[in-house]
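Taking the form predicted alone, here's one chain by itself in structure tokens.
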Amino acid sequence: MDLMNYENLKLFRDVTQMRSLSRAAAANGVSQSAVTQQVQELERAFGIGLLDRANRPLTVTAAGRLYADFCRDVLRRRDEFLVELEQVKQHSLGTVRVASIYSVGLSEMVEIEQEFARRVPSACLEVEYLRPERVYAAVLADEADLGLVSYPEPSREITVIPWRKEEMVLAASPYHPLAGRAQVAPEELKGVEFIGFDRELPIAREVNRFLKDHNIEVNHTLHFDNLQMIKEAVAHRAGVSIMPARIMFEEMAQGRLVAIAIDAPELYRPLGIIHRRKKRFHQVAQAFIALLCESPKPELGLIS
């Protein structure tokens, strides 16, 4: 017999609490004979009597008290588990976990969080900033529901939702000779002091491909693995760089950097939303994806 059947556990618990087979049967909606049979099967399975039927009301034996305590403990833990499980379900259904590359921008994400909170007040948005490879790992390990990456790469495990294309511009110090230009042709970059990205980053491959396609040789002075360090180096006149216009807005407003358009329409940084294939999103996650896809795209006209 199934000793862990919750209905059977509850039935024996009620018998010992009510000291009556008939009252326990009525409380559980079964016949008294079914209760009697159940107790007898337990006694045969355990090889010892659980009830002393010679007395009225029923007397519970030492073995019966031991089993009754077990029944109460199991049923109590089951009730606690169901309550806690429901709390976890409610939290997970109202939480969106996002892993993002750093260059999406803390200021931009703050605005997105504020708008998301306005639209879905009961939702919780958890954002973690990681290197690109760690974003993919977090999504694959289901540590994040969504990942925000540049140059997204689909795979057998990863699906990409196109997000936006970010205009790439020439970043320069306000004191650089090119700083006064509204636009430069690619060939004008030949021989400039250039601050690049570490070679393993997708953006480095794309910038280097652009330079090679246009037969441009630059003087690489420094390499960094993140945009913030490159912006600081450019601001300190160590050279120019090519980066997304969107991530320069704060430094431009401060007068520390200028953005110069490059006459190369093929030069942009694609951003994508990644997630595990066949992942089923709850309504809150779907609402967040919809909000991201509404995000305005930067235009050169915004740069001044």
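In this text, residue numbers run from 1 along the sequence as written. Whichever C-alpha set is largest while still superposing within 1.5 Å between the two forms counts as the rigid core. These numbers were taken from a predicted model, which means no experiment stands behind them.
The same protein has a further form, the form predicted together with the DNA, not shown here; the description that follows concerns it.
Location of the DNA contact in the predicted bound form, chosen stretch of 38 to 46, 242 to 250, 259 to 267, 60 to 68 [non-hydrogen atom, 4.5 Å]: Checking each option against the 4.5 Å cut-off leaves 38 to 46.
4.5 Å heavy atom contact with the DNA in the predicted bound form for all of I274, Q286 and A290: Not one of the three qualifies.
In the predicted bound form, S20 touching the DNA (heavy atom, 4.5 Å): Taking the distances in the predicted bound form, the answer for S20 is yes, it comes within 4.5 Å of the DNA.
4.5 angstroms heavy atom contact with the DNA in the predicted bound form for R56: Yes.
In the predicted bound form, V30 touching the DNA (heavy atom, 4.5 Å): Output for V30 is yes: heavy atoms within 4.5 Å of the DNA.
is_contact(A34, the DNA) in the predicted bound form, heavy atom dist at most 4.5 Å: It does: once the DNA is placed as it appears in the predicted bound form, A34 has a heavy atom within 4.5 Å of it.
Large Cα shift (2 Å or above) at A24 between this form and the one not shown, core-fitted: Indeed, A24 is displaced by 2 Å or more.
Core-superposed comparison between this form and the one not shown, A285 Cα displacement 2 Å or beyond: No, the C-alpha moves less than 2 Å.
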